[in-house]
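Below sits a lone chain in structure tokens, taken as the form predicted alone.
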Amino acid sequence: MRKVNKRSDGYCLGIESTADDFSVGITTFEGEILANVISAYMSPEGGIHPREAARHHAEVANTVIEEAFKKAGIKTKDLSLIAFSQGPGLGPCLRTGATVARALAAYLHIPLVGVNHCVAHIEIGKLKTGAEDPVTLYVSGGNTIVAAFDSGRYRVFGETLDIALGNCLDVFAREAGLRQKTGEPFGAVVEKLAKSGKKFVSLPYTVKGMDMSFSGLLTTAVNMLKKGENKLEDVCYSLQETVFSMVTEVTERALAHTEKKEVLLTGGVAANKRLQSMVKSIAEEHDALFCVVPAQFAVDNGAMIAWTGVLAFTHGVKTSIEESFVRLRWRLEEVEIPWIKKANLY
């Protein structure tokens, strides 16, 4: 990215396409969300197939964009900025969204901004909850990160060493033969079953320093089911309690270390009520305000990309067409955050 001095008022269109969702959001430069349209690719079996998901994104792009403009009540000529998820994510999916974004920016002769997907999840959470400087627990199908702002960037205090928490729940649900109903996420299915669980069974609890590992726990839980010695509801309950305790422990340590006064829960798994209650509990113990992103903005969505694009652009960041290549492994702490001016922690 290169910095420019141009500032603008108007509307930003954001495109999200990191994984199975193709979404278009439109926001004002003041943070009002006018549209947030999502089209999800549903795999007939197994996890996400990147090329099939990318094909889905290409097929629905025009329809989703048209619907977003209709909901926002504006025309293409009203746009001042195009933002897109530049990474991290699945290559074929990212490239599809980036291609659409480049085409729109070039055709309309307006600036383009590439947005880090993880930063966007934090910023939409802050926008919708009013949080200003939180310790953030970001949990989704592709990411599990505990982060906080310091010295111009979001610093990672802890993260998964293997699979993400959301992916752990998804794989377990598929291995257990659970079926999604009306597009309901696998995690939501596990959450419902866990509420009926009464017996806690021991599963591997792996926290290494400030990092977490979920793969061994997942394997144990699946094998436990196959043996048939425990009820499905009890395994779901035990799985949730264990994985949520791990991320809550790391979040609490980061909160104690930074002494920040807010805790933000964001990402797709943030919709889980049990996780919310656990994170809220540790926030209260440290006299910190607990904030959770609204459910409609917890999943991957275009609005979070549009809003983060506005923040970046109005603080001098712009992405040229030549620099708009996708970044599959773009880490959170690699992104400069010029729109936050805070004293350093140390």
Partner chain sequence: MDKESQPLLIKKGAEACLYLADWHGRKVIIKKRLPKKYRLPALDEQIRTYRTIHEPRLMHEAKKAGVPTPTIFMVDVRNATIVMEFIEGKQVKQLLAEVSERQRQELCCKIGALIGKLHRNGIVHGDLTTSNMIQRVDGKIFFVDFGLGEKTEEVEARGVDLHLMKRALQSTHFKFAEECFNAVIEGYSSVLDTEDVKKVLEKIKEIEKRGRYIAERREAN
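The structure presented is a predicted model; accordingly, all values stated were derived computationally and were not measured. Positions refer to the first chain, counted from 1.
Although it is not shown, the form predicted together with the partner chain is what the next lines describe.
The stretch in contact with the partner chain in the predicted complex, judged by heavy atoms within 4.5 Å, is 151-159, chosen from 108-116, 151-159, 71-79, 265-273. Contact annotation for the candidate site: 88, 249 and 282 all lie close to the partner chain in the predicted complex (heavy atom within 4.5 Å). Taking non-hydrogen atoms only, residue 202 approaches the partner chain to within 4.5 angstroms in the predicted complex. Interface membership of residue 185, defined by any non-hydrogen atom within 4.5 Å of the partner chain in the predicted complex, is ruled out. Although the partner is absent from this view, residue 278 contacts the partner chain in the predicted complex, with a non-hydrogen atom inside 4.5 angstroms. Interface residue remark: residue 23 is not counted as part of the site for the partner chain in the predicted complex, having no heavy atom within 4.5 Å. Interface residue among 143, 96, 220, 129 relative to the partner chain in the predicted complex, by the heavy atom within 4.5 Å criterion: 143. With the partner removed from view, the residue among 257, 231, 102, 195 that has a non-hydrogen atom within 4.5 Å of the partner chain in the predicted complex turns out to be 257.
Along 192-211, a non-hydrogen atom within 4.5 Å of the partner chain in the predicted complex is carried by 200, 202, 205, 207, 208, 209, 210, 211, in order along the sequence.
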